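What follows is a single chain, given as structure tokens, in the form predicted on its own.
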Amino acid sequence: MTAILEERPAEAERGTLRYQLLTSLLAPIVFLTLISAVVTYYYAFNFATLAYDYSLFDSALDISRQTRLRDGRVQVDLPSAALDMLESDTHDNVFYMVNDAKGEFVAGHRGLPLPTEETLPGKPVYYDGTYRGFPIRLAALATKVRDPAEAGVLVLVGETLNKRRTLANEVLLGMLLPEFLLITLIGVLVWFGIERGLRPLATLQSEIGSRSHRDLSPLSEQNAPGEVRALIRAMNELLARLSFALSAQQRFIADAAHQLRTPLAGIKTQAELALRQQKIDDVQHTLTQLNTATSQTTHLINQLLSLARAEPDAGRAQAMQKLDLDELARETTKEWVPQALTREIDLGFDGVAGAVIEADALFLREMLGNLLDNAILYAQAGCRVTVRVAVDAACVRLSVEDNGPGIPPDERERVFERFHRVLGSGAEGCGLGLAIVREIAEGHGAEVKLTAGANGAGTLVTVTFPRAA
């Protein structure tokens, strides 16, 4: 458990933007430096090989000049000083061998590897081999003995690779040491650059951390770089949406408290009155009024909850899917037939096929229910209420029309406001039905329009939806 807790800070550090920037910037530099080291070593070793190959060629040329032909046989007349020079190398072992034109051994170290390619007179051949278990580099030179008669000889001179590797390592070290110092300097500069670049984010973090949870004012974009300014702008948009949502919630709470205070007080008064009454008839009458008040309060609470769900920032994602508006409207209208018959209202439906839209079925049922509730509530006995679904090339229209008393033109926009009721209508609504209708319509990208009914009588509410693709 302790090991797990110790690993978490390291994991958190690896997840920071600072760590990712350092890794993204320094990792390619280190990788390229390693590649540069490999390439540098390759060229340094080749350079050392070329330099020491020339030395082998010089030694082979000197030995060839000391060859003589005596009594028909090739002999090598090397002074002891020359042999001492060949064998005095403190870093490498030097070997030589001389063969005649027939390939027979004449002098030197027997068994040196012969070249695999053809040797032309006067042109050296360089190759790698192994002698006595050591890797060696050799130079082969084919030449002729000129005194007293010409005869072909092959001179081989080889040495181990210690000096070549030492020179290559020294060249590599001399080049890599400044590079690693440069990488260290670059790392320090990158660190300070990242710290300076992340300073606006640290300032933003400090500002947000010091704020109260009630402070949703916009963050300042002053002196912020472009990338951070875009982040601040996005956060300000989020704060604006949060402020709007909180305002809506506060408005809802205030509205609910205001609207519920009166009916709850009435219910409490009716209950206290029933407790004081002695006659059964009076108690029965009071309980009837209490039941009516309770029903009205329940309806008000349901409308408030419907309005809260329908608001754009209520937090409930609408389950948009393709549905047949004609079928949904027909089923919903059937459900309201008993209530219409109770109020002696003629409820009808006029549909059309092909009314397909993208919508949330639950919200649409609630919207149409509120339209029917308003029409049936405000229409008089004997009136007609008709639900229609119509389709054209670009849209689908859902309308509810009645031939009741209608709404005055100057009130047609205000009826969509919360808790607004038309004076003198005589109905006991809560003033939320059309507000819910507008909220649901706007959530579906639809448009609500309220006009007079046929022949200028009654009310016609039309909701226009875009057709589904």
Partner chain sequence: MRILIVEDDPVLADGLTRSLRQSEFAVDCARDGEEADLILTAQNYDLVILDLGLPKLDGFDVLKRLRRRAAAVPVLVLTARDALSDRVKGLDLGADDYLTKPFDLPELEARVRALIRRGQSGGSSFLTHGPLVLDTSGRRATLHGAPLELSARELGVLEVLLLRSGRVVSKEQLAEQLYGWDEEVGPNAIEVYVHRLRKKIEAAGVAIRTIRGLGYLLEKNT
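Numbering follows the first chain given and starts at 1. Quick caveat, the model's predicted, so the values are computed rather than measured.
A second form of this protein, the form predicted together with its partner chain, is not displayed here; the remarks below concern that form.
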In the predicted bound form, does each residue in the set 93, 123 and 167 place a non-hydrogen atom within 4.5 angstroms of its partner chain?
-> no
Contact between residue 385 and its partner chain in the predicted bound form at 4.5 Å, heavy atoms?
-> yes
4.5 Å heavy atom contact, residue 290 to its partner chain in the predicted bound form = no
Does residue 334 reach its partner chain in the predicted bound form, with heavy atoms at most 4.5 Å apart?
-> yes
Would residue 373 show up as a contact with its partner chain in the predicted bound form if we use heavy atoms at 4.5 Å?
-> no
Among 345-353, 238-246, 100-108, 203-211, mark the stretch whose residues have heavy atoms within 4.5 Å of its partner chain in the predicted bound form.
-> 345-353
Its partner chain: the contacting residue among 130, 116, 217, 298 in the predicted bound form [heavy atom, 4.5 Å] | 298
Out of 395, 362, 267, 183, which one falls within 4.5 Å of its partner chain in the predicted bound form, going by heavy atoms?
-> 362
